[in-house]
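Single chain ahead, written as structure tokens, the form predicted on its own.
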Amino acid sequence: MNPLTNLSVIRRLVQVAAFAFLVYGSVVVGYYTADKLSVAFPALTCAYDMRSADYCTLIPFQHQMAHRVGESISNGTSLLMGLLPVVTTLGTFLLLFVLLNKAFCGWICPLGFFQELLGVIGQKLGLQQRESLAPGIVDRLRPVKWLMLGVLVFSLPLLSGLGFASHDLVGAYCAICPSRIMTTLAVGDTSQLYFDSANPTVMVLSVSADFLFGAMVALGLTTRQPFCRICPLLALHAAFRKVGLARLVKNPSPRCGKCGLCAKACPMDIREIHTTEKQGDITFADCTLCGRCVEFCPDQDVLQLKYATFPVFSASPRYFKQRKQAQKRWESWTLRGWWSRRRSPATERA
């Protein structure tokens, strides 16, 4: 299969370029320009990374809930003026989000790319890969992203601004975000990997951050997209996914009920891609628009990635056969296998 016709290869090239720009971009565009590009980017990019070219939208949301909304209420000043920055940030987020929808997760997010890279490393090391999580585990994990968004991004910063919670909780989500640690380590800055015992609040936050980052790295070697499943930005995307121009579309076929290859290929274990009989836009809340379900659908045009009304990539039997063979070749090569083959001739000679 020509790699340039392989959607996964194309997506990987886009992810590499996005990672380089978003993590190291200020080196190219300059620090001040980078600071002005957007402070409401729909992907996990980090303000703690001094070489970053953009800021994740979750950062201004937390500070505005604390310093604008919370303090407006506690000080008795205009709530409307307090809400105005939040509305502005949401509007900026939506202006960008409408362009790519949830593809910001599957094609742009540096932390999503990092987790996929961990999966590649684990597979090449010969570690046993967990193909899919059990439906019960997936169902229990799905509400967590909404809790992360509601509690860590909006509620705790608001309570901090109102004076009901510690000031250390103004940036509650940033304090535990694994992207903060990953992106700063990627530029050689180890200052965000720390243990802080100054008070119980920051101690819990720092331990949680280190644990979450370590767990993500360990799980990422054998499990697909472990943190993406609980990411609050995935929840924010889910809330507005119907306004995005990019979307996953299904034209159900009678064969769908007996197949299920699309759900098996999905890195987020969205089994509803297979089971739904809905026709049209089926961009599910957990979908990252990575397109793997379309790649591994064997029936013509049953699944499609569309931009507005225009098909961008459609399922086809021919592509499916080529893609399946390419995947088999890719997965058959591991370091353990290479090392065994390298040692075999020497063993036979002995």
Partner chain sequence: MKTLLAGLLASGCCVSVALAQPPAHGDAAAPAAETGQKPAGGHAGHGGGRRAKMLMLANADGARITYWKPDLTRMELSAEHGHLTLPPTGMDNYHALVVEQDWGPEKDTLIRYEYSFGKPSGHSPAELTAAVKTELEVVPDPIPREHYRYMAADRWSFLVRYQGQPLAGTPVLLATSQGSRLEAVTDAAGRVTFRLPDDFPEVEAGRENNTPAELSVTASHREDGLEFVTVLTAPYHADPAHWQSFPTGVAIAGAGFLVGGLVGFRRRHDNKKRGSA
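Positions refer to the first chain, counted from 1. In this text, all values refer to a predicted model and were calculated from it rather than measured experimentally.
Beyond what is shown, the protein has a form predicted together with its partner chain; the following relates to that form.
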Quick one: does residue 196 come within 4.5 Å of its partner chain in the model of the complex, counting heavy atoms only?
yes
My question is simply whether residue 225 lines the interface with its partner chain in the model of the complex - judged by any non-hydrogen atom within 4.5 Å.
no
Would residue 207 count as touching its partner chain in the model of the complex under a 4.5 Å heavy atom rule?
yes
Residue 304: heavy atom within 4.5 Å of its partner chain in the model of the complex?
no
Would you point out which of 52-60, 278-286, 310-318, 296-304 contains residues with a non-hydrogen atom within 4.5 Å of its partner chain in the model of the complex?
52-60
Select from the listed residues 151, 98, 117, 137 the one whose heavy atoms reach within 4.5 Å of its partner chain in the model of the complex.
137
In the model of the complex, the one of 249, 176, 219, 263 near its partner chain [non-hydrogen atom within 4.5 angstroms]:
219
Which residues within 61-90 place at least one heavy atom within 4.5 Å of its partner chain in the model of the complex?
63, 64, 67, 68, 71, 75, 85
